[in-house]
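Presented below, as structure tokens, is a lone chain in the form predicted alone.
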């Protein structure tokens, strides 16, 4: 029986895989989004900056920024689930986890957003839940909130074409 790896080795491998996955989407860096990882659960964080404001009279976060935030959260969640088994098996050394060695990311088929209220000028958070994921297709629901997890400011449902094999 194989001995369990030290917790720090597991944490480093998970963090390296998540960083490489996020680096595959340059727009995530442009928005300033980062992901808080607790085990296999991801929470996307959109730190507030004035450049996110679309309507200065309210002020409110731009609807396009909100939509992008929800969509990238969904795509990273799908990619994370695709990688989880490989990450946990420990078959790939940390130094081999790079954006170039990761599987391709899912492609958006459609994405429907419900704007429930204005996004206020403060940090925003989002979590995606995969409703169905098969070899070719996935359905994801994602919710965004700011100060109160039960008071959503936007939610979305998306359908994605899953990548065929590694690439």
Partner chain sequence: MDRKKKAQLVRHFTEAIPFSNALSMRLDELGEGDAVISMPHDDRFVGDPATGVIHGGAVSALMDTTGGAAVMSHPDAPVVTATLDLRIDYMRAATPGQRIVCRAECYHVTRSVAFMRAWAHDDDSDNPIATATGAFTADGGKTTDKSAGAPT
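Residue numbers count along the first chain shown, from 1. Values in this document were obtained by computation on a predicted structure and should not be read as measured data.
As for the form predicted together with its partner chain, it is not shown, yet the points below apply to it.
- Contact check for residue 24: a heavy atom falls within 4.5 Å of its partner chain in the predicted complex.
- Remark: residue 64 counts among the residues lining its partner chain in the predicted complex, judged by a heavy atom distance of 4.5 Å or less.
- At the 4.5 Å threshold, heavy atoms of residue 101 stay clear of its partner chain in the predicted complex, well away from it.
- Residue contact with its partner chain in the predicted complex: residue 50 places a heavy atom within 4.5 Å of it.
- The partner is absent here, but in the predicted complex a heavy atom of 117, alone among 136, 129, 38, 117, sits within 4.5 Å of its partner chain.
- Contacts between 56 to 80 and its partner chain, taken as any heavy atom within 4.5 Å in the predicted complex, involve 56, 58, 62, 63, 64, 65, 67, 68, 71, 72, 75.
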